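First, one chain by itself: the form predicted on its own, in structure tokens.
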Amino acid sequence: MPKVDLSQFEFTGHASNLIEDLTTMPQAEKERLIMSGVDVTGVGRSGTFLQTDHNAVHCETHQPGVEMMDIKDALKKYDGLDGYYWTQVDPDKDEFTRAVAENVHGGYFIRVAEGVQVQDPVQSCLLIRANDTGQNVHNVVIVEEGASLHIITGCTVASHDTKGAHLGISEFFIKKNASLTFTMVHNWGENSVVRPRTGGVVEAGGVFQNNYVSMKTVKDLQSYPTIRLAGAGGIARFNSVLVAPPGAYLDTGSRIIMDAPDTRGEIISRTITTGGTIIARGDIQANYVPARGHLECKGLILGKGVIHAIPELRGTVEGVELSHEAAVGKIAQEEIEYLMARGLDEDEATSTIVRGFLNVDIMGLPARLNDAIQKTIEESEKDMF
């Protein structure tokens, strides 16, 4: 993995003014946000949080039962968020967690009250605007018993060549019979260094679904979220769609730890390289029975590039049911010929197969976000072919 020198980035001195109306942002930035799944109009959203560089510039929610604020304000309001803050991620895990623990710039705190069913997603965006900037954020999400929430998080830079480092800590707490869908769309640039560190816990009957989409060049990204199913009947699902153009390096994966009976875990990833490197990891551990887990990693190499799939399964008690399927290869010629026999030329046939391979329908995304991702896929095709 490439070495990251944090001394190349500025972690102080980039405070921004508040933005009351996100539609007044520069058009180029609005486009970057839209392609990250964040709608500046707020239509179809229950709330919006935006941080640029070193501070939050916009935070609003109009959904009763949903509390959202800057993490620093939450730490003051709730006496340090005892029992939550830094409980799922070790602050001394590595140099990146230590950097955030020592100097957190912001991040969001979101809590859904017991029994509240939030129909429209809450959206957040973490934007690096100034060149050579390092951004330290810490997010905490709590979904109380019987509640449900969908969060759409977009992470991006002001322009494709903006140089920046994003260090992000996220901690999730899904209480009894609650559900959280967390959709992250990365729209970084060719000079972006990204180090998310994520952990979460799901209580009895809870459901956590994580959707992750990254289709643009990112210089260096490393992400490996871990979710622990701590209560009977808990469910965790990870879905990811990744494209690595030339110059991109993505070391990504997910881990599910089943620490209670009647739990289920699923990790599904689709990866394409058109010249970059993808390390696709997956780890499911089962420590109670009955427990069922499945890991599926499939990759396509279009032209040059590297995909390294690393599936791991670990059962510690008799009777667990764990399975995995991993495949890395190319588009089958017979599939192309089949579509060409039905009137498509070779490029159209290849494009059709790739679109099917990158299908995000299983993520259950809102229509507007799904449309934005489909647009991203269309733009990525220009790089692929």
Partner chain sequence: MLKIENLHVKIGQREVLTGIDLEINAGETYILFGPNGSGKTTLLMTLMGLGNYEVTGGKIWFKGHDITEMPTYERARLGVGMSFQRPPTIHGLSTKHLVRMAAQGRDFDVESMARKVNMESFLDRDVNAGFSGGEIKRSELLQLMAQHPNLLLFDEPESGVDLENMHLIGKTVRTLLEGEIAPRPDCSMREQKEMRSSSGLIITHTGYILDYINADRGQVLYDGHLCCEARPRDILEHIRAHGYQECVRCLN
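What you are looking at is a predicted structure, and each value in this text was computed from that prediction instead of being measured. Residue numbers count along the first chain shown, from 1.
The following text describes the form predicted together with the partner chain, which does not appear among the structures shown.
Visitor: Is residue 359 one of the residues lying within 4.5 Å of the partner chain in the model of the complex, judged by heavy atom distances?
Guide: Residue 359: yes, in contact with the partner chain in the model of the complex.
Visitor: Look up in the model of the complex whether residue 270 has a non-hydrogen atom within 4.5 angstroms of the partner chain, and give yes or no.
Guide: Yes, contact at 4.5 Å.
Visitor: Consider residue 325 of the chain shown here, and say whether it contacts the partner chain in the model of the complex, taking contact as heavy atoms within 4.5 Å.
Guide: Residue 325: no contact with the partner chain in the model of the complex.
Visitor: Find out whether any non-hydrogen atom of residue 64 is located within 4.5 angstroms of the partner chain in the model of the complex, and reply yes or no.
Guide: Residue 64: no, not in contact with the partner chain in the model of the complex.
Visitor: Find the only residue in 319, 26, 343, 329 having a heavy atom within 4.5 Å of the partner chain in the model of the complex.
Guide: Checked against the cut-off, the match is 343.
Visitor: Among 40-48, 53-61, 348-356, 27-35, which stretch has residues with heavy atoms no more than 4.5 Å from the partner chain in the model of the complex?
Guide: Careful reading of the contacts points to 348-356.
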